[in-house]
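One chain follows as structure tokens, the form predicted alone.
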Amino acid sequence: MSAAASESQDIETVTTAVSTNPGRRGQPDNKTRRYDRQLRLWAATGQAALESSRILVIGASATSTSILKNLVLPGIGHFTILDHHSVTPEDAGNNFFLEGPKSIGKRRADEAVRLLAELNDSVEGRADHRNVEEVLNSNPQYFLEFNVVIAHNMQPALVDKLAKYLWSEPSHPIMMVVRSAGFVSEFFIQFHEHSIIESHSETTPSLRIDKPFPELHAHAMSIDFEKMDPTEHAHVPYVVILVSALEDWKKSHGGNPPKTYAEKQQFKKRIQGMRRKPDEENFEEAEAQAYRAWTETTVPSEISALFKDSGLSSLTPSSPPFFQLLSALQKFTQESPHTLPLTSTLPDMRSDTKSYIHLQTLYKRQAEEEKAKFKSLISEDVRETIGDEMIDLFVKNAHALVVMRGREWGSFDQDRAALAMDPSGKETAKLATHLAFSALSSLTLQHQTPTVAALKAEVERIAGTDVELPEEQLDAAVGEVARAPTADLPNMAAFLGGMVAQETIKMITRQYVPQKGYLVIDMVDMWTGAVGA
């Protein structure tokens, strides 16, 4: 029996949770079938967040429409393109979401919205022909109608002004600043705080083999390996084998698990000695997973660090639901056995159906008990506000919670100490490219032509004397920016559009961990990397 069977059931639940066809009992409708693959990534909760999102994209450039393509296809709720320009021959030559010569002279926003809307009829698109500068000066509250504001190659003065306004209140929309020049680009996500329950961490939750709950302990101790028939013996789950072996070990070692290297090797030999036949794969698994027996189950350091977060120390009844639940989690871990709530999800393991289901039932029953205990630590009014669905999700993912703190657009370049600390080895190429973009923005503000010499001088001014950038890397970065400071190439637009859309989806769904700092992309030498994280 494989745990994959239980995982497939979870996927089936996920993919039919959005809606079902009333005419065919249990069958997903067309909408659910359309989004089947992505539902396996972010489930119904993530899809619901996407469908309620409102995205503003400033400018209908090739990169902007590529970003929107990758947001419209998975089903965002609404997008607006704010662009007062008409289509030029240059636009028609590099933007796949324009109809070539037919679009020239027409409103760029209208053409892009019309063609993007054809990708997904469930997404609402709107063109706004106003000048972004006029909107920003006369009605900045307009930008608060959206969840995310995306700006590509926007005039530096306007980017700075809009970013400052959106940063002024933590409740204001997320802003994504995207810059590209020829075959190099970068983007930055401006946000205050971003809490993630479903980070999809590769870290597996503890099975508590070293601290078995009463039912698991009783089950493991009830098994007489000597009297089992060969078939049953070859299908005892490794969790049961380890709990039993550890209990026997403790009886002869003063109640202590294996501690030294020699003891750990001896413990593994004991497991080998429990085999009846050399090909019993369940005992091979138990030996491979033996570290679980001597690794103490505690609260992971990443989660313990969250208990010191400012959002928890300043908790009030109006604090976000995440921190209300985090407070309850802290209280839970302060009581015996001083662990996170048990998860009912078991990993894949060698076993027969009967043994695996019985083990899974034990874990599920204990997990439900601990979830009930967790809920009892939350006040009734908070529980009613948050809802059981979010509480269940929080408990299930308690081992992989994440809280991110962002920074304001442009603050990294003003932090000389941070700039000096960032580069190391190959990382200097990423910093050089980022600084080349910052120098371009600075020269644009000064109405200067971005020549190689002017860009290098501005990079040195921004970075200061403490940052040493290899001449070859700096020359390559400023050379490409100087060569094509405003070029929006189709291949870069396609790649960059996918990257930005991916991070936008992470921010909207609050699933997976988004990029922090500036993500720099170089399609000349084919690398990506972050600076200022």
Partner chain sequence: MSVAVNGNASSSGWQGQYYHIDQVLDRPGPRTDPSFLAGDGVKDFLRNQCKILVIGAGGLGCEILANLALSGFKDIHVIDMDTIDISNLNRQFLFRPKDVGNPKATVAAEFVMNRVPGVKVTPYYGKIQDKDEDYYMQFNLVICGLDSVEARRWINATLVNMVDPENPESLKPLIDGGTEGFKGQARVILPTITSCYECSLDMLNKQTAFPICTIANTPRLPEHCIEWASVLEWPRVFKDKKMDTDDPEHINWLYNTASKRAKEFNIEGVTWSLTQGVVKNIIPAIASTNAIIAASCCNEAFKIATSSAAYLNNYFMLIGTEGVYSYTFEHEKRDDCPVCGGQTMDITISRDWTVDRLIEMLVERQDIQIKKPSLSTPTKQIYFQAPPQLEEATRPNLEKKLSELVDDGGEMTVTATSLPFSLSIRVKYT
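Residue numbers count along the first chain shown, from 1. Owing to the predicted nature of the structure, the values given are computational and were not obtained by experimental measurement.
The same protein also has a form predicted in complex with the partner chain, omitted here; what follows describes it.
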Please determine whether Arg34 contacts the partner chain in the predicted bound form, using a 4.5 Å cut-off between heavy atoms.
yes
Notebook entry, point to check: Looking at the partner-bound form in the predicted bound form, is Arg54 within 4.5 Å of the partner chain by any heavy atom?
Noted result: no
Any non-hydrogen atom of Leu73 within 4.5 angstroms of the partner chain in the predicted bound form:
yes
**Q.** 4.5 angstroms heavy atom contact with the partner chain in the predicted bound form for Pro470
**A.** no
Within 4.5 Å of the partner chain in the predicted bound form, heavy atom basis, the matching stretch of 267-275, 328-336, 353-361, 247-255 is 353-361
Of Ala457, Val135, Leu115, Leu377, the only residue with a heavy atom within 4.5 Å of the partner chain in the predicted bound form is Leu115
Only hit among Asp415, Glu369, Glu124, Glu90 for heavy atom within 4.5 Å of the partner chain in the predicted bound form is Glu90
Restricting to 262-290, the residues within 4.5 Å of the partner chain in the predicted bound form through any heavy atom are none
